[in-house]
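In structure tokens, the next block holds one chain alone, the form predicted alone.
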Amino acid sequence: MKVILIGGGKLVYFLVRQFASKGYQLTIINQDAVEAKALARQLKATVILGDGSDPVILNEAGAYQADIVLSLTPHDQDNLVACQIAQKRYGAPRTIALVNDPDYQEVFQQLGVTVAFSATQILASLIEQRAGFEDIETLIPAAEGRVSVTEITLHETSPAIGQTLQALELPTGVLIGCIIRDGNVIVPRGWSRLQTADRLILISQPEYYGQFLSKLTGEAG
């Protein structure tokens, strides 16, 4: 697999180390001469000095052969432009962009970036989903971060104990996929009544998770 990474810092450094261990063909585009030299010395990757949003530099990096182009600079406009050029001009099948301002994440996706991720939004979501409830055992992002799959264990102090799912009035964007009770998997229905020690497999959009958490714990999400 041929991967082009645009940017620098620890994020690019550790990604390249991980990708190199898998045998990927790696090219880094970095416009800081000192950092580019250090990356070339430290990593098993081709390093090109230049602006990753420049079509000439992308061409030199082999964007027309790339399987994935990742733009991870601190400048949202550069990340967007680099991904658009890689896709539209060089036919890169997959582009990934760091969105420093989370307000722009949807814009990136609307403009064709395959995956636009915001570290700010991811961290905020993780904090919200962990806060005030110690029995979240697993948290798995899916659909490129737009959906979370979580396992939650109910205790006797939960206000949801004894309630039916219908009575809980689940918020839009939340679904209980199954209830695990005494080792048995129960497909939930509206009349399913929650019990102490139930393990719930929750599928949710991150923005609705806090509302559901408050239904289970009685605390603000």
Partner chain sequence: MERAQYVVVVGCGRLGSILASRLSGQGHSVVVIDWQESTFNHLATEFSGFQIVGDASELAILRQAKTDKADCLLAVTGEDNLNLMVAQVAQVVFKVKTVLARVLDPEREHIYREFGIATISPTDLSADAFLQAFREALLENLL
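Owing to the predicted nature of the structure, the values given are computational and were not obtained by experimental measurement. Residue numbers count along the first chain shown, from 1.
Another form, the form predicted together with the partner chain, is not on view; read the next lines as being about it.
Of the heavy atoms in residue 117, none are within 4.5 Å of the partner chain in the predicted complex.
Proximity of residue 53 to the partner chain in the predicted complex falls within the 4.5 Å heavy atom cutoff. The partner chain in the predicted complex is not approached by residue 98, whose heavy atoms all lie more than 4.5 angstroms from it. Interface residue remark: residue 78 is counted as part of the site for the partner chain in the predicted complex, having a heavy atom within 4.5 Å. Taking a 4.5 Å heavy atom cutoff to the partner chain in the predicted complex, the contacting residues in 81-112 are 81, 84, 85, 88, 89, 101, 103, 104, 107, 108, 110, 111.
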